[in-house]
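Take a look at this single chain in structure tokens; it is the form predicted on its own.
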């Protein structure tokens, strides 16, 4: 049961709009593994590093703690149902999904706003999550609008016409 304090903390965190990602890897037995995550962030430009976190209680936690490579897929606004599929507990989240494979065998989902292919750089314990830092070895962007999550709901973004700046 979630306490009122945790529920309020989660609600306050929900005021920060985030992109929605699916992180994928290949399990030790060759199975495709993936999970929806909105804990994605850039760390460094030189070297190119990104991070995300996975709940220690997640069924895929062991796979991401053992893998050497993973990919972060920034979902496009057209991929809401994919986000929902990868956030549920189910036997095969990849059923019917066409994927490509990178050199490490990691499944790469097509149609995303951006994809970052990474090798493990570091892992850190962070409370009830493990923080995974990846060294980006390849990336691509498509120009598609990203899927956004805010206040417990999926959302659209729209830029202000005069908002082109280098920093917020």
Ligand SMILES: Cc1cc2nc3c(=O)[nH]c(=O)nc-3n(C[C@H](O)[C@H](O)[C@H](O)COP(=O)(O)O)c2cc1C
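Numbering follows the first chain given and starts at 1. The shown structure was predicted, so the numbers you read here are calculated from the model rather than taken from an experiment.
There is also a form predicted in complex with the ligand; it is not shown, and the following applies to it.
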{"item": "78, 97 and 113 each touching the ligand in the predicted complex (heavy atom, 4.5 Å)", "value": "no"}
{"item": "One stretch from 57 to 65, 115 to 123, 24 to 32, 136 to 144 that, in the predicted complex, holds residues within 4.5 Å of the ligand by heavy atom", "value": "57 to 65"}
{"item": "Close approach of residue 9 to the ligand in the predicted complex, 4.5 Å, heavy atom", "value": "no"}
{"item": "Non-hydrogen atom contact residue 102 with the ligand in the predicted complex at 4.5 angstroms", "value": "no"}
{"item": "Non-hydrogen atom contact residue 37 with the ligand in the predicted complex at 4.5 angstroms", "value": "yes"}
{"item": "Any non-hydrogen atom of residue 154 within 4.5 angstroms of the ligand in the predicted complex", "value": "yes"}
{"item": "Contacts with the ligand in the predicted complex - residues in 97 to 131 whose heavy atoms fall within 4.5 Å", "value": "129"}
